[in-house]
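This text opens with one protein chain seen in two forms, each one given by itself as structure tokens under the names structure 1 and structure 2.
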Structure 1
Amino acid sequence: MPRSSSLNWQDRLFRWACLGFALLILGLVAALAVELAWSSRLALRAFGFSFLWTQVWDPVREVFGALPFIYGTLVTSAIALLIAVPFGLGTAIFLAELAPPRISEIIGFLVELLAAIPSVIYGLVGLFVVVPWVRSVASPSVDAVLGWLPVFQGSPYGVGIFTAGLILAVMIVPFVTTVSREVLLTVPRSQREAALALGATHWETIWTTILPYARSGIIGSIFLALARALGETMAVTMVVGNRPEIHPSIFDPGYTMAAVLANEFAEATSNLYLGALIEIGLVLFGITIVVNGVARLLLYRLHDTSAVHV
């Protein structure tokens, strides 16, 4: 009996300790949100919700609007996803389903190595390799074919939203590939064998059986990559052009929320200027929360749909 009482006491202590750690995480997130809101109170009071759709960013006249930075952040992240998801998912399928084990290990290691490269290195490569290529090859070639579309017009500066999206795509490919590969490897072998036994080809097995089974994890990897793209700072700052304007062309310079914080935070000369920058951080924090919330809801819906089909 004493032994049982001792174990129950230890279990209760362990449970409360784990609960305390979980509540601490929630407290840290809440404290971060409160601190950002309090530190940006001057800007919140001065501009209100119009801060989100105002396009003017003029520190001299102390008129601040976050729309150019929100636009640049969302567009560069969207371009990165459009490029990275097909490449990352295709690589994951190859590594998990098609490649010999030895080759899969080597390529998997190289993909994971991409995630370990510092972002400033990506920025330097983008500045000295990607920017000249976009200026002299990509922009003129696209303009010659699709120049009648406003999204592909613009001066071939080299630096711009498209260049930043390309760099971000390379940076988030490892997240899509690594997580998707691990999810695909968890698909039971019986699923593959059942599809093949029914006469499905290897491609049909992957498309109709393996990918639907692993779709929740794949979508999770995409949202993880999106969160990484939204918050990237150094590499994007070096190639996006850092111009707080909204242009329809993806080849024109732009600005992102993380980039403006990195560039101008140390130069803020007034409390209102500093508050506006912190409010941009608050907006970025809110966008990240919303993205993760949408990801969770989508995953829950997919899980419920799968359960109903089963």
Structure 2
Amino acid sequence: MPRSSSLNWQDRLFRWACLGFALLILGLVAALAVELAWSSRLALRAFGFSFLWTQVWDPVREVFGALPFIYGTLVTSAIALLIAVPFGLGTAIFLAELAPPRISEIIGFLVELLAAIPSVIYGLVGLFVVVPWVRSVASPSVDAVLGWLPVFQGSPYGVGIFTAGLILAVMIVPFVTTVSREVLLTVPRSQREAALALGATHWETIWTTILPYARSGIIGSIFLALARALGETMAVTMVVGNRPEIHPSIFDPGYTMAAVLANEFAEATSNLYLGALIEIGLVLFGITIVVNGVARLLLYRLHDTSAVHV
């Protein structure tokens, strides 16, 4: 709408200033991508794509392969999703379908609080509570039953891939729950009433009608949680064991991309070493952009219609 006052120079100045700040954000993100690629050029040139699937990480001989970190990141995140999705979705269904609005509000707030707790505090509790528990209870008892499978072989450490996955699970439940709950609340009343009118029980209505209707949004929430898990640093660094090795058992120590950055970045002595670490940052950046992008595509419709901003 053309407005006479917008011809005013003060208005134009203000508009340009706001635009400038907005463009600064665009510039920052572009600079971030360019800088990561540029700063890792030494490693990119030295190792090429084999960086992604070689296993040796030896700063002394300056041989760098990122596979153990990529493996650790993917497996810890997968374990986190396996635990967090059922609990998160179950909670979301309870909040959206069963709980009275007042209770739903309160529990929703409490679940969001889980997301507000700083990562380093999760690491602290993980280190002093979860690690001893895994060492003395979880690992031996799983080993006793399923130990014949290499994946579940026990280990005497307590720190390891499973411990990290377990803590990540708690950290990402709020993302699954909060977003899924909003998605479930957008399912039209008519869908639900149609199923109930056909004689479906409450659960059958949820299972056959509401969940399928909300499917893309729920998957979106899962991807959103996955992106968080992939990039999570402190809590994982404190409990994953920090060994650049790939072991078959989930109870063995491992390493993740974010954790190696946290541990080794400040001490990286040579340019190639630093380049290799920054390349890991670049890979992490790329993966999280893709996963977040998928989440956004799936949640796009929702984004326009409700109060969810992701």
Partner chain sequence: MVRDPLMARRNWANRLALASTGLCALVTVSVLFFLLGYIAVNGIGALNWAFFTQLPKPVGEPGGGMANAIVGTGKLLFLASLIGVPIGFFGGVYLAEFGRNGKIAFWVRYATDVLNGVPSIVIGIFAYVLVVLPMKSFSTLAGGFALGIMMIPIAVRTTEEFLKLIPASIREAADALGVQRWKTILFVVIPAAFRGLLTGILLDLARVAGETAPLLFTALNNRVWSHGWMEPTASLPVMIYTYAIAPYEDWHRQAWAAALVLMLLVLVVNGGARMVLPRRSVVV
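Under this definition, the rigid core comprises the largest set of C-alpha atoms superposing within 1.5 Å between the forms. From a predicted model like this one, the values you see are computed outputs, not experimental measurements. The first residue in the sequence of structure 1 is number 1, and each one after it adds one.
Form predicted on its own, is that 1 or 2?
The form predicted on its own is the one given as structure 1; the other form is structure 2.
After lining up the core, report the Cα displacement of residue 289 between structures 1 and 2 in Å, one decimal place.
A shift of 3.2 Å.
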